[in-house]
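As a starting point, one isolated chain is supplied in structure tokens, in the form predicted alone.
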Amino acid sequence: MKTKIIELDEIDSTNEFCKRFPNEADLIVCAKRQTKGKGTKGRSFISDEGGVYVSVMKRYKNFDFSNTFSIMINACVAVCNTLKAFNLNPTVKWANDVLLNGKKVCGTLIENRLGADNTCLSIVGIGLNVNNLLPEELKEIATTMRESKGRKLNLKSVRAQLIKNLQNEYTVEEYKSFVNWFGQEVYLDANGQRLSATALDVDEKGNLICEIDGEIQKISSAEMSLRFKCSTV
């Protein structure tokens, strides 16, 4: 089925727009600006003009519920390949943060609705910082494509490249090709507690394989978040 693409000047949230049409399949919604952009854990996501804001809604049949990480892989690699197309060098911070020069360049919000009949309605929202100006309070932890290139980019070209990439399927090996921190000492944060660990790998289910106090463990991103020891991101 051909993917339906809707382009809007302004919307509250591209993810929320998709939810109003739950029976649509393979829908892509993009907007020049969001008035109520959403991030993870209920945070707001500033979505001023100059960025690329896209949501992809897709329905999966016979879906393996233990493999929802594959949706995250597709989102991360699509963004990374978009940045590569403009001669930028992105990295992925587990589980789904994409960085340029150690700073976050996009936000991703994935909302999955799992059905009893082994179906999954997935909405993947991506806000990519391109030419938009960042608030002063975010400049230490976030960046834009414009900042990395030293010039404005053609917004339509970036959006078209991202939409094209989001319609592809990717592997965990492609995801890991953008990881440059295996073997490093990292922090794992959960519920106000912090553990020191050595990051070793990421498996197909999205678990971080690491060494903690001499023991090899698998950590779920639902349980803990990763922090680099020399970064605030």
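Numbering starts at 1 and runs along the sequence shown. As the structure is a computational prediction, the values presented were derived from the model and not from experiment.
Although it is not shown, the form predicted together with a small molecule is what the next lines describe.
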*Identify, from the list 122, 131, 108, 74, the residue with a heavy atom within 4.5 Å of the small molecule in the model of the complex.*
108
*Choose from 204-212, 179-187, 64-72, 49-57 the stretch whose residues reach within 4.5 Å of the small molecule in the model of the complex, heavy atoms counted.*
49-57
*asked:* Does any part of residue 84 reach within 4.5 Å of the small molecule in the model of the complex? Heavy atoms only, please.
replied: no
*asked:* Given that the small molecule is not shown alongside this chain, does residue 170 nevertheless sit within 4.5 Å of it in the model of the complex, heavy atom to heavy atom?
replied: no
*Consider residue 104 of the chain shown here, and say whether it contacts the small molecule in the model of the complex, taking contact as heavy atoms within 4.5 Å.*
yes
*Taking the shortest heavy atom distance, is residue 145 within 4.5 Å of the small molecule in the model of the complex?*
no
